[in-house]
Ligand SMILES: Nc1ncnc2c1ncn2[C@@H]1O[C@H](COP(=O)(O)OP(=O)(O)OP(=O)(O)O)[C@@H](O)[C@H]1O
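Just the one chain here, laid out as structure tokens, in the form predicted alone.
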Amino acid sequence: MGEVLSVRELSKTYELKKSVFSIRSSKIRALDKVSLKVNEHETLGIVGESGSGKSTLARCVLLLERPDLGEIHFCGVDLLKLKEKELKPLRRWMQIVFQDPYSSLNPRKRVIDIVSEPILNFNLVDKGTVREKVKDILLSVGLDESFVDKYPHEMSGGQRQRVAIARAICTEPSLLVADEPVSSLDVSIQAQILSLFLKIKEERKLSMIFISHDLNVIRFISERVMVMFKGKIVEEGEKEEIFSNPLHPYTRLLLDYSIRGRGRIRGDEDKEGACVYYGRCEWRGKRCANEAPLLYGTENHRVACFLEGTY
């Protein structure tokens, strides 16, 4: 399989402005030299708690935000070298589904306006046939034609997320990024939406990046898994490798929490070391304080941890 997306050493830093409580501004490194790839018809699951950099990565990959450093190659094209005018036609092939469907849908627009906007933007059908096109897309996400003229407030959370998915797939993208798309939904509805993502991926031969804080969701939806903590990748590999043999202490913690509903998520955050996980790690040593571990291993399974690495 060929690569749809290749990201190399992506970095992003935010500067927090001065406030009445702070004499000087400070910086937060949201992404620190993150590299990844997504193959054709593959789903890469990205997992980590809030603040790990998952959503920033999603936005930077789609150039909704500009990274500070790095490379983004989509279907062989270096996106960061393109001007906005050159980038616009490519946006058809890269779409995103956000976490909260209510805030991502315009409350003043009907479903037909929401879904047809990208279709008309990219001149995919004539205006005279756009209504039928929208009906077909809604049917493909489990909504009948009665939803065409509804407003977002007239629908449930699950139905709104189906509309958001319909809007994302209406341009027939090659890459779909789903940023915590089920976290705001009831558990019973989550299962339905996850099954819908699998159905859409199979029918449309999509590649996906699926972001979640829940390892159970990632295990259900993904072929490959990437674990992030404080803007860095701490472990990555084939799904079964990660779940059967988690190597990084943070991955083990997330897995323990997802299976048993417990785990010591918070640690001594005040202790700082070269390793981003130093403050929480019960196995930290002198080397971890002075040297940041690099990702080590094979393509099937890599980890950034001196405890497990042999370098």
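Please read these numbers as outputs of a predicted model, since none were measured by experiment. In case it trips you up, residue 1 is the first one in the sequence shown, and so on.
The form predicted together with the named molecule is left out here; the points below concern that form.
K.L.:
Which one of G45, P67, P246, G53 is close to the named molecule in the predicted complex, taking close to mean a heavy atom within 4.5 Å?
P.N.:
The residue in contact is G53.
K.L.:
Can you say which of 247-255, 56-64, 33-41, 274-282 gets within 4.5 Å of the named molecule in the predicted complex, counting heavy atoms only?
P.N.:
That would be stretch 56-64.
K.L.:
According to a 4.5 angstroms non-hydrogen atom cut-off, is L16 in contact with the named molecule in the predicted complex?
P.N.:
Yes, contact at 4.5 Å.
K.L.:
Does E180 reach the named molecule in the predicted complex, with heavy atoms at most 4.5 Å apart?
P.N.:
The answer is yes: E180 has a heavy atom within 4.5 Å of the named molecule.
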